[in-house]
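The chain below stands alone and is given in structure tokens; this is the form predicted on its own.
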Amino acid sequence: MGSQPATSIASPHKVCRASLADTLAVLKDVVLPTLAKGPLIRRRKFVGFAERNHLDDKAVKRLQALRAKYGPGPLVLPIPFRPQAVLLARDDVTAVLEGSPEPFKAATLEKRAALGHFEPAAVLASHGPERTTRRRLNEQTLETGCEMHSLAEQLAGVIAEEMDLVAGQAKSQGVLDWDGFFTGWFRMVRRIVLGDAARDDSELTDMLQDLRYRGNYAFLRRKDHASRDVLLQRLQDYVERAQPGSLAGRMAAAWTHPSQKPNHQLPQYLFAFDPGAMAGFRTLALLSAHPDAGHKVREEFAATRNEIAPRLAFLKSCYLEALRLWPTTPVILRETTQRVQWAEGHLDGATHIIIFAPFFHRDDETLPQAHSFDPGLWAGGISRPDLALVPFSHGPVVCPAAHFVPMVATLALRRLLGQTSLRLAQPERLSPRRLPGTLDNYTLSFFASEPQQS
């Protein structure tokens, strides 16, 4: 037999192998809490438990201790049948993400098992030529790389209608809670993704939610093929309807090959707006807890009042800070397609690579503002690969919606904050001196009143 093909990456680090005790510690403090919170859809009770018990802080401290013990190189966890490697250095994160999908593929075994519950032919679960053609369809639909989508002004009208209803209900009740925000948010999302006819199709998003819960268990739960087929057929119907002004309509126009399977791409669009809502609600909390930032946002609104779909650079930076402080994608996964050489040592092919985002986002040994609110970090754009701050990933496999989701979120927050004044009901949860490692969005709420007159 020939030797395994190999490639090298530009890293000065040494690959180390963790002891059994340290492997178990990573599983206990990093991997299991992340899985318990829910990788595809959050389990509400455990998110609250994680905040109360500072689980993300403990995970960061665990990885800091391992970096001090083993050095900054990849740390291999010797798990039988499925070796894992945890990245501990910023430049290794950049090298791996820029080296995707070869030799670091995004369609890992674990990811394909999880996504197979509701979108088995999604681009995230694809590799090789199929990935290439599906990626092209997604990029054309979402206009990846464009800060403002060509549909922005049309979508702004949809966003305004739905956020006005959210604001009106909040003011009548005197409070805005997660369920009130999320219900209106997803009416908006269904219209944006599938068209106006889907506005009240909560049955479809409930079906997707149930399948995502099954996907949380990946290999460990049997796939509900019947429900998955119903979901995918419903989505195909929306593609064929191709309502102008919707992403489904755009996708129908860009669809050129049967293997692209647009109905398998659309669940991810709906899925992505779930964590998008979490980040938006947390942004509202950050602005309430940081009055100077809130004032600057209102100034930005005043300066753009005559624009239908402004860029809102500062509000976008606040939104990206919410994603940094509380990553909605806490783990970025890759898998080696061949043996990869570091400066010293190597990772074998089929090694599962774990990039634990909270470690880099909250590493107070390398990032002075790790636990504070600093929108200035994002003055240069949606990614800081130099600091391993990559809320939408980075490189050739960057999220195709990396600009689209923040665009929608900032337009939604602009409309909501223009229609109502929101004050965090639990200000003690967000001390500006040190923001918590976990923030349970499900239990946040705001006192709502008429907006202040400027």
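The model shown is predicted, which means the values in this text are computed figures rather than measured ones. Just count from 1 along the sequence shown to find any residue number.
Absent from the display: the form predicted in complex with a small molecule. The rest refers to it.
Complete contact of Leu55, Leu286 and Pro358 with the small molecule in the model of the complex (any heavy atom, 4.5 Å): Zero of three within 4.5 Å in the model of the complex.
The small molecule in the model of the complex: contacting segment from 160 to 168, 79 to 87, 264 to 272, 232 to 240, heavy atom within 4.5 Å: Within 4.5 Å of the partner lies stretch 264 to 272.
In the model of the complex, the one of His346, Arg131, Arg384, Arg112 near the small molecule [non-hydrogen atom within 4.5 angstroms]: None of the others qualify; the residue that does is Arg131.
Residue among Val26, Ala425, Leu40, Val397 with a heavy atom within 4.5 Å of the small molecule in the model of the complex: When the small molecule is considered in the model of the complex, the option within 4.5 Å is Val397.
Contact label in the model of the complex: Gln260 to the small molecule, heavy atom within 4.5 Å: No, Gln260 sits far enough from the small molecule in the model of the complex that none of its heavy atoms falls within 4.5 Å.
Contact test in the model of the complex: Ser246 vs the small molecule, heavy atoms, 4.5 Å: Ser246: no contact with the small molecule in the model of the complex.
Contact flag, Thr336 vs the small molecule in the model of the complex, heavy atom cut 4.5 Å: No.
Proximity of Leu142 to the small molecule in the model of the complex, heavy atoms at 4.5 Å: Answer yes; at least one heavy atom of Leu142 falls within 4.5 Å of the small molecule in the model of the complex.
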